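The chain below stands alone and is given in structure tokens; this is the form predicted alone.
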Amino acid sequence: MRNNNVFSRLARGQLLSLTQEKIVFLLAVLLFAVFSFSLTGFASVDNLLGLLYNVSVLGVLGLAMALVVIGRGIDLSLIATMAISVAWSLTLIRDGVSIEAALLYGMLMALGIGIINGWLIAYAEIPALFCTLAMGTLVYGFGRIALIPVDVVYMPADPGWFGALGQGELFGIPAPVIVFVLLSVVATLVLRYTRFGRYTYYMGDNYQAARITGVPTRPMLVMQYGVTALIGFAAGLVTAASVDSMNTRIVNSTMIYDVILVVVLGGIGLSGGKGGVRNVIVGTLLIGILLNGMTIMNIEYTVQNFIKGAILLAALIFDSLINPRDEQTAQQGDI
């Protein structure tokens, strides 16, 4: 009887120690095992490298979104910023501007969009959800009207080092995977060991309390959205180099929801102040394995979107249950 009580306490302790991150990781391992045994070719080296290759950009965008979500914000203009800034760079290259100068102009454009987002949210006090939703539409419309004459802009014939970002390899590992790993390491170090990272968590945990204790919340918001836009630009460079083009119509796809799915599913609470890079990685792995398996099974794109939407809704419900808000932490217009 005594042994049964001991085992019961141990089991309860193990269950209580299971975080959303651990649950998602276990689901990813389980799904990987099921697909490996049931789908021909899933566990092959080529397919696994292709899986990592395909989800690397999604992972980089997840890092960008995680930064603002940890600070209790959101950036729905991320895909528009990525697509238009990179497409403009490619347009400049096609018009005779050097690769380095064109990429610099595109990077400054992305940074400017992020800074404007941050300024409007911090100083004009527009809720992040509505501000970035409007900014995404504005950026896409302005870019297509004034800067980019076609839907799809192709890479130059001789992209040099730029092309290696998407098509290169190191020890057999695709370059996009390496970019994702490097950015993950940098993001981890920044969030854990810098004042910027600490302030981001403080603001996400309780914005008003952080402001009262001396955290420069408004400049921090501007910095967060600026850095997020720069990471989005980096993801766009990898995308363009991988497929030899940038299709601006990606703005109208479901990609922004995939990014949010990775972040929320991985365990970064929308209430702010929680989570980190590991959450993005496990969320990216689970979604990558799921999408790859559905592709091998020839599941229709519409059905895939339905499944992803159901998972996202379930993740949001779970997040609201484990990260409830109260009168002290909730704010007007919060996501």
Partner chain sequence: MKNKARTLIASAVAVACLSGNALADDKPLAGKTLAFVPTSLGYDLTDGWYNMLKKELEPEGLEIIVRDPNWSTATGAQALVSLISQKPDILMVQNPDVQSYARLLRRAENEGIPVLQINMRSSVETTAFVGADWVGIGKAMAESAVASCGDGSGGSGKISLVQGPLTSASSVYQMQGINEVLEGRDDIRVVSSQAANWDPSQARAITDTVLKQHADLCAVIDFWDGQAVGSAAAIRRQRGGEDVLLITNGGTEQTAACDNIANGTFDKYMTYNVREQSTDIAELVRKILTEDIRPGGERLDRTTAVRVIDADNLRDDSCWKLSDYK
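A quick note: this is a predicted structure, and the numbers were derived from the prediction, not measured. Numbering follows the first chain given and starts at 1. The term rigid core refers to the maximal set of C-alpha atoms that superpose within 1.5 Å between the two forms.
Quick note: we don't show the form predicted in complex with its partner chain, though the next part is all about it.
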Task: Candidate stretches 96 to 104, 168 to 176, 192 to 200, 222 to 230, one within 4.5 Å of its partner chain in the predicted complex by heavy atom - done: 168 to 176
Open item on the list: Taking its partner chain as it sits in the predicted complex, is Thr213 near enough to touch it, meaning that at least one heavy atom pair lies within 4.5 angstroms?
Closed with: no
- [ ] May I ask you to check whether Leu183 falls inside a 4.5 Å heavy atom distance of its partner chain in the predicted complex?
- [x] no
Open item on the list: Can you tell me if Asn247 lies within 4.5 angstroms of its partner chain in the predicted complex, counting non-hydrogen atoms only?
Closed with: yes
Task: Contact of Thr188 with its partner chain in the predicted complex (heavy atom, 4.5 Å) - done: no
Task: Leu31, Ser38 and Phe162 each touching its partner chain in the predicted complex (heavy atom, 4.5 Å) - done: no
TODO: Check each residue of 129 to 159 against its partner chain in the predicted complex and list those with a heavy atom within 4.5 Å, in sequence order.
DONE: Tyr140, Arg144, Pro149, Val150, Asp151, Val152, Tyr154
Open item on the list: Would Arg278 count as moving between this form and the one not shown, using a Cα shift of 2 angstroms or more after superposing the core as the test?
Closed with: no
Task: C-alpha of Ala43 off by 2 Å or more between this form and the one not shown on rigid core - done: yes
TODO: Note yes or no: does the Cα of Met297 move by 2 Å or more between this form and the one not shown after the core is superposed?
DONE: yes
